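Next comes just one chain, in C-alpha cells: the form predicted alone.
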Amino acid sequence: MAFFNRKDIDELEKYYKINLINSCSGFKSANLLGSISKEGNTNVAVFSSVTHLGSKPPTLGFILRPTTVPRNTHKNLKETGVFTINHIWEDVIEDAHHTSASYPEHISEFKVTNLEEEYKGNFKAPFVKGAPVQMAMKFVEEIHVASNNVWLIVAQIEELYVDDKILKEDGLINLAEGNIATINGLDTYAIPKFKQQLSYQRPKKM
C-alpha cells in the first residue's frame, strides 16, 4: 500500500498532489449550478462539493474556492439570492465538464454547450433541462474557512423536482436508476450501480 506522510504530501509535484488529495476523500456529488446575474446573464457550472447539511429546514452546502479570481456563480447568487442545483446524468457528462472552462461573465455556458436552460414557475434562476433531480435554492449565508481560504455556501431548498421513475415510496431518490454521475477527483466521472438498501440499525443485545 502506498504511504504518504504530511511532508511527502507537501513536497509532491503540484498536479499529482491535486489529483491525490481531491480523490482521497472518495466519490463526490456531480452537480450543475445554474444562476443568473442582475443584468440577466445566465451561468451554469460544475461543482463536486454539494453536500447535505440538514433536513429541517432542508439545507445544502457547497464549497467555493477563494474569490481572488472572478466566480460568476458566487457573484450571481449573492446578487439575486437564488440559484439551482441540477444532478449531472450520463448523457451530459462531457458538456457538464466543459462548464469548468473559464468564460467571461457575458458568455453563458448554456450557449457553448448542448445544455439547455429551463425555467419553472416564478423562480428566476435557470434549471438544466432534463436533469433527473432539480432544486431551486435560496442563499442563506456564507462561512469563511480561514485555514484554507475557502467559503462554505449555505442554502435552503425552496423547490424540489424529481423524476418519477427514480423516486421511491419511502422517499429515497434512487440515483443509480437515473444514471446520475459521481466525480472521482477532479475530472473523472463514474455512474454508480445500486447494490442494496439496508434498514435502520440498532445496537445488538449483549
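Numbers for residues come from their place in the sequence shown, where the first is 1. In this text, all values refer to a predicted model and were calculated from it rather than measured experimentally.
One more form of this protein should be noted, the form predicted in complex with another copy of the chain, which is absent from this view; the next part is about it.
Colleague: Residue-level contact is defined here as any heavy atom of the residue lying within 4.5 Å of another copy of the chain in the predicted complex; does E90 satisfy this criterion?
Modeller: The answer is yes: E90 has a heavy atom within 4.5 Å of another copy of the chain.
Colleague: Does the 4.5 Å heavy atom contact test between Q156 and another copy of the chain in the predicted complex come out positive?
Modeller: Close contact exists here: in the predicted complex, Q156 approaches another copy of the chain to within 4.5 Å, heavy atoms only.
Colleague: Is the gap between G171 and another copy of the chain in the predicted complex 4.5 Å or less for some heavy atom pair?
Modeller: Contact check for G171: yes, within 4.5 Å of another copy of the chain in the predicted complex.
Colleague: Check whether K38 has any heavy atom within 4.5 Å of a heavy atom of another copy of the chain in the predicted complex, and answer yes or no.
Modeller: Close contact is absent here: in the predicted complex, K38 is far from another copy of the chain, nothing within 4.5 Å, heavy atoms only.
Colleague: Quick one: which residues from 142-171 get a non-hydrogen atom within 4.5 Å of another copy of the chain in the predicted complex?
Modeller: The stretch 142-171, when checked against another copy of the chain in the predicted complex, contributes I143, H144, V145, A146, S147, N148, V150, L152, V154, Q156, I157, E158, E159, L160, Y161, V162, D163, D164, L167, K168, E169, D170, G171 at the 4.5 Å heavy-atom cut-off.
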